[in-house]
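Here's a solo chain for you in structure tokens, the form predicted alone.
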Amino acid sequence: MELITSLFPWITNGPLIAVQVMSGLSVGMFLFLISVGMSLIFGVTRIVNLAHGSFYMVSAYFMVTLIEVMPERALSFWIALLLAPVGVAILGGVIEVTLLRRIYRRDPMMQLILTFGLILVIGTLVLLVWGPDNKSVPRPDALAGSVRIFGQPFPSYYLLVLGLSPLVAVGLWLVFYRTRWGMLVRAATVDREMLGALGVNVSRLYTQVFVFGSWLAGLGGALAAPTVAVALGMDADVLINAFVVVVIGGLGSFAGSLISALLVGELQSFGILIFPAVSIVLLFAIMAVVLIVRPWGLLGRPEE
């Protein structure tokens, strides 16, 4: 025991561990909002949308612009938080109807090339519209400071994330498992051809799913905007982490995305504390183990 405490002196610091757990949960919930949209889109359309991180980035830039143009500063953040994901959802719908709808039955490599091309196009448009300089989004006044958790400082804004994200997760569960639309989405992940034979407009369902997944990415970007530098390239970082989450949890699995996102969030939180030099490598090592043991993820289904 003395050896362990000498190597990891923080292990006896209960308040520090509690704060790290809460920090990991907040990071995990950010990742869940991003990854569940990507997982949902893949589950229905069978397209790995590499541009999903770009939607996250665009939403953060929308937050910057909306807050700047709104005259009412007290409510500008909350209005922007509602509008930015909607703007991204509209963008996702346009992309799905004009581009992705044409390649659903094409070679998967073509799908990857197209979505990768979207990363370049969206990145260039962001550069032209907002410029190369980093932007920032101010936190709302009520959540600008920090609070004491067991004597340790904890950002007040993260409390919003910890409170809002579980509500979103419960709302998603109700949508997927207690509504007719959710039933159709789950059926599409199992047998799309049979769903079409039953008279369901599969093309419209694909568009609705892509719009909804884009909205989730936009919500994640809007919530994350006050916690990061809004800059070109922020899409790449979140895409990598989201991809790790969906691979570990299982592509197309709602519950898998939630469990995996929380796991990755805690690993990042404690990895930086315990093994800061290899914390990123640790995530990929766990992903590799999951791929070896269960190639379809923890809660995913093997392709028939």
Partner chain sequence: MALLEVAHVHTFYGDSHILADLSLDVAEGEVVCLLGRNGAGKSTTLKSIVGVAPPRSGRITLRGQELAGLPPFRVAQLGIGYVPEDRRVFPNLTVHENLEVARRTWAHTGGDGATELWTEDVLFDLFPILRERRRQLGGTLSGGEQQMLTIARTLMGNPDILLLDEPSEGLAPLVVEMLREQLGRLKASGLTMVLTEQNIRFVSELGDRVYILEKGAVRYQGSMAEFLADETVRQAYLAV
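Treat the numbers as computed from the prediction; the structure is a model and nothing was measured. Numbering follows the first chain given and starts at 1.
The following text describes the form predicted together with the partner chain, which does not appear among the structures shown.
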| property | result |
| --- | --- |
| 228, 142, 90, 187 - the one with a heavy atom within 4.5 Å of the partner chain in the predicted bound form | 187 |
| The partner chain: the contacting residue among 199, 171, 132, 233 in the predicted bound form [heavy atom, 4.5 Å] | 199 |
| Candidate spot 100, 107 and 114, all three touching the partner chain in the predicted bound form (heavy atom, 4.5 Å) | no |
| Region of this chain that lies against the partner chain in the predicted bound form, out of 146-154, 163-171, 133-141, 199-207 [heavy atom, 4.5 Å] | 199-207 |
| Any non-hydrogen atom of residue 78 within 4.5 angstroms of the partner chain in the predicted bound form | no |
| 4.5 angstroms heavy atom contact with the partner chain in the predicted bound form for residue 194 | yes |
| Residue 121 within 4.5 Å of the partner chain in the predicted bound form, heavy atoms | no |
| 4.5 Å heavy atom contact, residue 183 and the partner chain in the predicted bound form | yes |
